[in-house]
Structures are given as C-alpha cells and as structure tokens.
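Let's start with one chain on its own, the form predicted alone, as structure tokens.
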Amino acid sequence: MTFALTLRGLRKSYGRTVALDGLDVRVPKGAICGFVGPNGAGKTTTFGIIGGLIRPDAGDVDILGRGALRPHETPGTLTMLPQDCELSPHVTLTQLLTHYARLQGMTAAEAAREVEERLAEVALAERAAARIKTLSHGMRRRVSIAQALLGKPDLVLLDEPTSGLDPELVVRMREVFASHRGKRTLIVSSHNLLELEALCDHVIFIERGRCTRSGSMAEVTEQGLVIRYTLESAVELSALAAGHPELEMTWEGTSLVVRGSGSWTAPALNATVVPYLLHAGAGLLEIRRGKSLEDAYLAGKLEAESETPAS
C-alpha cells in the first residue's frame, strides 16, 4: 500500500502544554480520511506541522515519500483549509482564486479555467465577480473550499470544512469531496461524526496528542463483524444461542447486537438471525451493519482512558 502521508513520532509542546506526544500516523494514498478527536487533542497543531506552518520539537513528516513539504520546489503539492481562515475582503472571488492558482505555478489560461471549474463546483459561479466582503459566512467557506481544491494537489487538509453551511450545502460539499476520491488524498478534521462516516473510507482517532486508533472505516466500525437489529420488542434468544454458540449476542434496549467471527459474513449472519427474529414475532424495524463511528470513537476513548495511569 502506498501512503500519501506518514507521521513518525511527532512531538510539540507550548511551554508546559503538550500538544503532540509522539504522534504516529499513516494515511493511504487516494483515501478520504477522517481526523477525529476532542478540542485540544492536537489536530490543528498536526495540520500546522504538515503544512509547514509549525515546527515540531521532534519527529518526521513524509508526504508521498518526498519528505516534508517543500513548497518552493513542489508548489501545489499540498493545499490547506484552516478552520478559521480570513479572506481578503476587497478582492473578487476570481481575483482571489486566480492569485492562489498562479502561486501554484499555473499559467494565466490554466488559472482561469481552474478558477471557473472550482467556483462552479462549490455553486458560486454566479458570484465570480463579487467582492469577498459582500459574501455570507457560508459563501466565504465555500470560497475557501474552492481554494483548497485548486489545481492538482496530492494532499488536501480540510479543518471543519462544512462549518456554517446549511444542510443542503453540507450534502453538496460532501459530494464534491467524494468526487476527488482516488485523485488526491483528503484529510478532513470534523466533529460531525455522521458526516465523516458518510464520506470517509479511512479514519484516525487522536487523543492527547497520540493516535489511539486508525484504519479503514469498515475495520473501525466493524462492518464485517457486527450487525445491529432494531426490533419492536425483545425476544427470547436461547434457541438461537444454543444452535450457534459462537455468536455473541447482546441487547441494547430493543436493539439486538450480533457479533460474528471467523468465517461469518454479514449475509451469513442475516440469513441465520433474520428468519429467527421474524418467526419469533420480534417486529424487525431496521438492520445496520457495524457500529456507528460515534460508538467506535466513544468506545476507543473509554479504552484509552482506562489505560492511562492515574496521576
């Protein structure tokens, strides 16, 4: 597997405050990767180090095997959308994005084509000649997204990219990000775990400056091992358990969580469990593979906290 980004032993402190404590991360090339953690976990510091804005105290950054970012040697390799970015208020959208495109080394003609495409992509083509100061917060956010997607960057860092957007535009921007899957690597930091679960194919959990878990979305949410059946009412499971003692079954209210292992697959679990539930009159309302990203994150957080020695 080729990795777009590898971080080894990153450390960064601000006085006595430890922001990163030996962070190790690998992100597969072409993936859309969710970067998940609480406020103060070190996400923004990590983005700053990757983007060359912050110097780490220790550790290494490797982008596509080329080492740390060298913007003068490879302009346009990495683009970045900070969480709280300010745009020049007095220029037009076209002027602003053309400036960034030319900084990447594009010709005037290339920049013009690229700016037109990106503004159409974020539904702002009709505002191309408007000045930034006339835009709403959501529109400015979309301009920033367009800027981050200019050109052909290998790696795109997006910090809370859909913050302040209405639900319809959140869906549209998610579709925009998904359209870049495989063409470049996107790392998306967000507190909206439902959004990340719908968008990402890889995920990284960070806690207190360390990576607590990473892997494909299917692995982290156990989509191949766990199925949740939401029922109208709980039913007796003794016969099912006796026939399949290798299955682990637990109740969460009226939701039955079934965990298989070994040769079990999702279709095989459904073929075994669903007929039993229907015959028992359970009233099957919903079937969901795996657990939610939120559940996976909270479980990992509890596990990490239990392993932390008491001070």
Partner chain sequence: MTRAQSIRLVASFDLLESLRSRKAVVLLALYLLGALGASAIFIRVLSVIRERLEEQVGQAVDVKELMASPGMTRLVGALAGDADVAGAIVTIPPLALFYGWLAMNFVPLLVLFTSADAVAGDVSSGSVRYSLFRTDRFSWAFGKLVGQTTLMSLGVLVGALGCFVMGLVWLDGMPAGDTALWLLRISGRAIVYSFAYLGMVMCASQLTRTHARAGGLALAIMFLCSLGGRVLSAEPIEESAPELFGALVKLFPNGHHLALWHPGLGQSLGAMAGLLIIGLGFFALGFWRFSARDA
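Numbering follows the first chain given and starts at 1. Not measured: the values here are computed from a predicted model.
Here the subject shifts to the form predicted together with its partner chain, a form of this protein not shown in this document.
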Task: its partner chain: the contacting residue among 183, 113, 191, 90 in the model of the complex [heavy atom, 4.5 Å] - done: 90
- [ ] Name the single residue among 213, 99, 210, 228 that comes within 4.5 Å of its partner chain in the model of the complex, judging by heavy atoms.
- [x] 99
Open item on the list: Check residue 291 for me: does it contact its partner chain in the model of the complex (non-hydrogen atoms, 4.5 angstroms)?
Closed with: no
Task: Partner proximity in the model of the complex: residue 105 to its partner chain, non-hydrogen atom cutoff 4.5 Å - done: yes
Open item on the list: Is it the case that residue 85, even though its partner is missing from this view, gets within 4.5 Å of its partner chain in the model of the complex, heavy atoms only?
Closed with: yes
- [ ] Look up in the model of the complex whether residue 131 has a non-hydrogen atom within 4.5 angstroms of its partner chain, and give yes or no.
- [x] yes
Open item on the list: Within 4.5 Å, heavy atoms only, one stretch in 256-264, 23-31, 47-55, 272-280 touches its partner chain in the model of the complex. Which?
Closed with: 47-55
- [ ] Check, residue by residue, if 12, 71 and 95 all come within 4.5 Å of its partner chain in the model of the complex, counting heavy atoms only.
- [x] yes
